[in-house]
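A single chain comes next, written as structure tokens; it is the form predicted alone.
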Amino acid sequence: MSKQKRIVAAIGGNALYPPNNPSFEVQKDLITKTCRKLADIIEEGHRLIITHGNGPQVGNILEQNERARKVVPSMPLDVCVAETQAQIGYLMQQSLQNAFHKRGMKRRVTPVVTQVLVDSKDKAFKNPTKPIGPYYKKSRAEHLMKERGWKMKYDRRGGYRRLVPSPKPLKIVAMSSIKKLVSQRGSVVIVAGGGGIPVIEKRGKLVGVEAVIDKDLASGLVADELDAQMLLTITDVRRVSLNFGKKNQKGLPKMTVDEAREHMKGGHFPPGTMGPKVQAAVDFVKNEDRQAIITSLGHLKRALDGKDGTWIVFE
């Protein structure tokens, strides 16, 4: 791949949060390993803008809210998203700076607590579908639904969970400032963590709302507004597949935008997993000067060299 590409790298939760042993020390070690891989890309001459997921982390904060509700006030969901942006941004900033220092590279890493505008009339607000936070027993769930107006759904893995809206991201609020940071030589910017803090416009003012924004769709919006040449999605699979998990599963080294749309219509990419990643890629790749890659952290280097992962191209 040619040098000096502007790449938006969307880091999935698996690269930041260990599922089996989520202690702070293990989580920090995983982030450090992830940031070394990102430093490899930057060392090759590419300009990197980083976005990331926050699902497990925001779930932890909501669990803490629930357990400590009789001692300290609970924070609304938009504030919890902001907390995770700062938490993960700090750990990634420190890990990247340490990786650069070890390599003798002079780079500045700047995490930006990022608000993302959504439409107050988005249909998602009338149909919350995104499960978040802890599991509740039936009696507690019924109390919360009555007291707070929450919508909840039973999950056989542990009980009832809260459902929240997942509206479409429309605009990165601080984009003018982000563009200035990105334009500075030697600058690495971390933005829109967890999809961004969801806000609406109300009488000319910004107001936070109880919702979560899909990280992949927000990352595609960031890449589009920054006019990046590549959207790089790092997830837990080597490449996108048709018939995933079935005997006739077939990995896809490359898809055109039109082919990706046809596969989405065929139901190959589920809404809660691969669907938003492919949709973000399709929305971003508007011309021949843009490409998208979906791959895992372990296959990242080979994917960037065109030897692995799934490339989504214009035609």
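Worth saying up front: this structure is predicted, and the values here are computed from it rather than measured. Residues carry their position along the shown sequence, with the first being 1.
The next section is about a form of this same protein that is not shown, the form predicted together with another copy of the chain.
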Non-hydrogen atom within 4.5 angstroms of another copy of the chain in the predicted bound form for each of 17, 184 and 207 | yes
Going by heavy atoms within 4.5 Å, which of 168-176, 155-163, 125-133, 219-227 lines up against another copy of the chain in the predicted bound form?
-> 168-176
Heavy atoms within 4.5 Å of another copy of the chain in the predicted bound form: does residue 244 have any?
-> no
Just to confirm, residue 279 within 4.5 Å of another copy of the chain in the predicted bound form by heavy atoms?
-> no
Mark residue 112 yes when one of its heavy atoms lies within 4.5 Å of a heavy atom of another copy of the chain in the predicted bound form, and no otherwise.
-> yes
Is there a non-hydrogen atom of residue 256 within 4.5 angstroms of a non-hydrogen atom of another copy of the chain in the predicted bound form?
-> no
Ok, 143, 151, 101, 137: which has a heavy atom sitting within 4.5 Å of another copy of the chain in the predicted bound form?
-> 101
Can you tell me which residues in 124-145 come within 4.5 angstroms of another copy of the chain in the predicted bound form, by heavy atoms?
-> none
